[in-house]
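This document starts with two versions of one protein chain, written out as C-alpha cells and named structure 1 and structure 2.
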Structure 1
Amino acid sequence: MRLETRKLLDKAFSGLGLIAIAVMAVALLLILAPIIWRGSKAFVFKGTIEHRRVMLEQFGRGNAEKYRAEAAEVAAARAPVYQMLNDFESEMKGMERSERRAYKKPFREVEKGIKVLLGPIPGERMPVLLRQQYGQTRWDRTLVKLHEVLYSEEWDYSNPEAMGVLVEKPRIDLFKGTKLEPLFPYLEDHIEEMMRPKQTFYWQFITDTSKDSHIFGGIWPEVLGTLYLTLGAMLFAIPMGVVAAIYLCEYAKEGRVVSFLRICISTLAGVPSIVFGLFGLAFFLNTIHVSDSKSVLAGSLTLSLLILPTIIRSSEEAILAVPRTYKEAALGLGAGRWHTIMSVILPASLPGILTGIVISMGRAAGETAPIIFTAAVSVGAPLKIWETLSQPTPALPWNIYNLCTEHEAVDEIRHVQYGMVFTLVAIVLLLNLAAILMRARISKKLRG
C-alpha cells in the first residue's frame, strides 16, 4: 500500500473516530439533560405553605411559631373563599328544585377542586387519606389545579368529519348572577396570598421515607434497597467470576469441555434479564428456599447470576493479557502455581478485572426484571442489614417503572419519578467513579 493511501486511510479512521465520539457525547447530553433538569425539581422547587405544613406535621421539621404566624395570614386570605361557598350553598336552598338541580353538580365540582387546591374546608371532618388532608404542596401543581377550578373541559363533536376537539370553558359563566360568581376572580387574584410559594431546597428527598405512596416524602427505602441489591450482587458475583476466570485460564486444559463452557458463558451474557428473574423465582425461592418469600438475598443472588458472565469474560481477558514472562519469572524463582497467581498474575490483571466489575455494577443497579419476582415491592420501610436475608425491599428501578405505569396519581408525582431516575443515574455514576478511582490507584501502585 502506498504511503499516501495509508496516510489518507489513517486520517479517515481518525475522523470517523472523532465523529463517533461526538455523536455519543451529543446522545448522552440529549438523554441526561432532561433527566437532570426535571429530576432536580424534586430537590429544588417552589414549596407552598402546605409543603411546610407537611414537613412540620409529618416529619417534625420546621419552625412551628413561624409557621403558625404564616398560617394565620393564609387563613385570613382563604376565609372569603369558604364564605362564598357557604353563601352560595345557602342561596341554592332558596332556588327552585330544577334550578337547584342544575347548579348542584357544577358546584360540587368546584368545591371538590378547591379541596384539592387548598385542602379540607374548615369545620369538615378530616379525610382518612393523607393526600386529602393537605392542599397542593408545590407551586407548579397549584397553578394546574387552579386552572382546573377556573375552567371546565368539554368535547366538541359538532364537526362530524373530524375527531372531537377539547374545549375549555370558564366556570364563571355557569354561575353568572349568583353569589359564587366573585369566587373565580378572587382565586385568580389572591392565589399567591393563599399558598405563599417560597423557593425550597428539599435535600431530604433522598433521606425521607415516602408518605401515602410517594405523594409526600422522599425515596430513602428505594435508595437503600438499590444499594443493598447492587452490593449484594457484587459480593456474590465477584469471587465466583474471578475464580472461574482463573480456572479457565490457568488450570483447565483446552478441549471440547472448556470450549463448551466458554460458549455457555457467552450465551448467558446475552440471555434476556427477565429469564434470570424467572429462574431466580423458580430456583432460589421455590426450590432451595433461601427465604420464605421475596427477599434482598434472593434478588442479590439472581442479579449475581445476571452479571456473572460479564465478570468471567472480562477477568479472563485481563488475566490472558498479563505478559507470559511474569509467570515464567515467578515459576523460575521457585514460586508455586497458586502463589504465582495470587502474587503476580492477579495484581497485574486487577485493573482489567475492575473494568468488568464497573460495567457489571452499573447493570446490576439498573436492572428491573430480575428483581420483580425475587426482591422488589412497591412500598416498604428501610431495611436493617440483617433483614435483607428474609425481607423484600423497594428499589429504584422497579419503583420508577411502577410509579410511571401503575400509580393512581401518576401526573401528581412526575417530580418523584424524575427524581428517582436522577438519583439512580447519580448512584450508578458514583459507584462507577469509586471503582474507576480504585482501579487508577491500583494501576499507579503497580507501575511503582
Structure 2
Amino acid sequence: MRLETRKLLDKAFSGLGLIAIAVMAVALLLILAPIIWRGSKAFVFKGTIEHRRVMLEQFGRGNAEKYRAEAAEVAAARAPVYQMLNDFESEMKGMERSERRAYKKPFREVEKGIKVLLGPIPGERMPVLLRQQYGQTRWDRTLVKLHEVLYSEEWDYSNPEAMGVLVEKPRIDLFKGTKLEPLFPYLEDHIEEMMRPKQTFYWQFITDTSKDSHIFGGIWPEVLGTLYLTLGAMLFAIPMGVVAAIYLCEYAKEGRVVSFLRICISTLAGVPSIVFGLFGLAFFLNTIHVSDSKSVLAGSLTLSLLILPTIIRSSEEAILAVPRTYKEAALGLGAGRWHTIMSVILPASLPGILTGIVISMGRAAGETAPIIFTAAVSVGAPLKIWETLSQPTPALPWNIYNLCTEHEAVDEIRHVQYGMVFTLVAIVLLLNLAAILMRARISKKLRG
C-alpha cells in the first residue's frame, strides 16, 4: 500500500472509533432526553382549577378561601356553556321526531366531551367514579380534550388501496343554525377563564398516594414498594456477599474447591433475570412458603440472589485492593487473622465495598422480571413495615410496565408513566453517581 493511503486509512480508522463513541453518546441522549423532559412534566406543569380542586378535596391541600373565590369566577365563566346546552335540549324537544333523532347522538357526544373537559354538570347527580367527578387537571390534556369537543374524528376508507385515513370534522357543522352553534366558538375563546391554567410545581407527586388508579395523585405506593424491595434485598445480600468475599480472599486456598465456587458465582451472575423470578415462585412461594401469596419478603429474597454475585465480586476487588503492607503490619503487630480482617482490612476496603453495594442497589431497584411473580401487584396501598412479610406491593418498575400496557386509559396518564420512569431512572442514576464519586475519592486516596 502507498504511504498516503496508509495514513488516510489510519485516520479513517480513528474516525470509525470516534463515530462509534458518538453513536453511543447520541443513543444515550436520545433515550434520556424524552424521559427527563416529559418526566419532569409530571412535577412541573400548568395545573387547571380542577387540579387545585383535586388537591383540596382529595388531599386537603391548598387555601380553601382562595379556591372558593376562584371557583366562583370560573363557575360564572362556565355558566353560558351549561345555559347553551340547556337551551339546545329544550329546542330539541320542540323538533320533529326524525330531526331530533339526527341531533340526539351528536349532542350526547358533545355533552359527554364537555363533562370530560370541565367535570360534571352542576346540579346533576355526582358520578361514582372519581375520574368522572373532576374535569381535566392539566392544561395540556385540557387542550387535547377541547379539540375532541370541537372536532369529531372519522376513519376514511374510501380509497381501498391505501390504509384508512383519519379525518377531522368540525362538530359545529352539525349544529348549524341551532342554539348550540355559539357553544363551540365560546369554548374555544373562553377556555382559559373556564380552566385557569397556572404554573404548578407538584413535588408531592412522589409522596401522594394514587387516586382512581393513577388518574389523580402521585406514586408513593410504588416508590415505597421499590424502597422496601431494594432495602430488603440488601438486607439479605450484603451479609452473605461480604462474608463470601472475605472467605474467598482471605481464607480460601486457591484450588479445586475455590475455582468451583467461582464458577458457581459467575454462573449465578449469568442467569437471566426472568429465571430468577420463576425460581422465586417455585422455591420461596410454592416450596418453602415464606408467605401465602406474593410478598415483599419473597421478592426481596429473589432480588438478593440476583445481586449476590455483583456484591461478592466488587467486595472481593475492594479487599484485594488493600495494600499488602497493611495486612503484614497488622499481622506483625501480633494481631490474629480475624482481628486483622475486622480492624484493618475491612475498614480499609469499606469504601470499595460500599461502591459495589450502591451499584447493586441501583440494579435491584430497577429489576422487573424477578418481582413479577414474587412481589408485584398493579394496585395497592402503601404498606406498613410489618406487612412486608406477607403482602405484595406495587413497585416502580412493574407499574411502569403495567401502566403503559394494561391500564384502561393509557393515553390519559402518559404524564404519570413518564413521571414514574423519570423517578426510577433518577433513583438509579443518583445511586450510580454516588458510586462514581466514591470511586473517584478512593482512587485519589490510594494514589495520594
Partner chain sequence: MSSAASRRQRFGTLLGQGFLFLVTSLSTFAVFFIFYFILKDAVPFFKEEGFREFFTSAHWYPSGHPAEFGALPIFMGTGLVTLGAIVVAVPLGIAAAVCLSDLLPFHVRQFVKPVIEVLAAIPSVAYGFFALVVFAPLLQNHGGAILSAGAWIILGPILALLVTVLGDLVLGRFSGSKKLGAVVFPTLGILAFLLIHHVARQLSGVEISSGTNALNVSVILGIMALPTVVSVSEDALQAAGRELREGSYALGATRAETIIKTIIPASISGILAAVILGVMRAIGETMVVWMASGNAARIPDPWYNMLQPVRTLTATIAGDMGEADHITGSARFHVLFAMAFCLLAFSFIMNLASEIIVRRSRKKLGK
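In this text, rigid core is short for the largest set of C-alphas that superpose within 1.5 Å between two forms. Counting starts at 1 and follows the sequence of structure 1. Here the structure is a predicted model, which is why all the values come from computation and not from measurement.
S.K.: If only one of the two is the form predicted together with its partner chain, which is it?
M.R.: It is the second structure that is the form predicted together with its partner chain.
S.K.: Aligning on the core only, does the CA of W338 end up 2 angstroms or more away between the two structures?
M.R.: Yes, the C-alpha moves 2 Å or more.
S.K.: Do you see a C-alpha shift of 2 Å or more at V296 between the two structures, with the core held fixed?
M.R.: False for V296: its C-alpha shift is below 2 Å.
S.K.: Rigid core superposed, CA of R141 - does it shift 2 Å or more between the two structures?
M.R.: The answer is no, as the C-alpha of R141 shifts between the two structures by less than 2 Å after core alignment.
S.K.: Give the rigid core superposed Cα shift of L354 between the two structures, in Å, rounded to one decimal.
M.R.: Value for L354 between the two structures: 4.1 Å of C-alpha shift.
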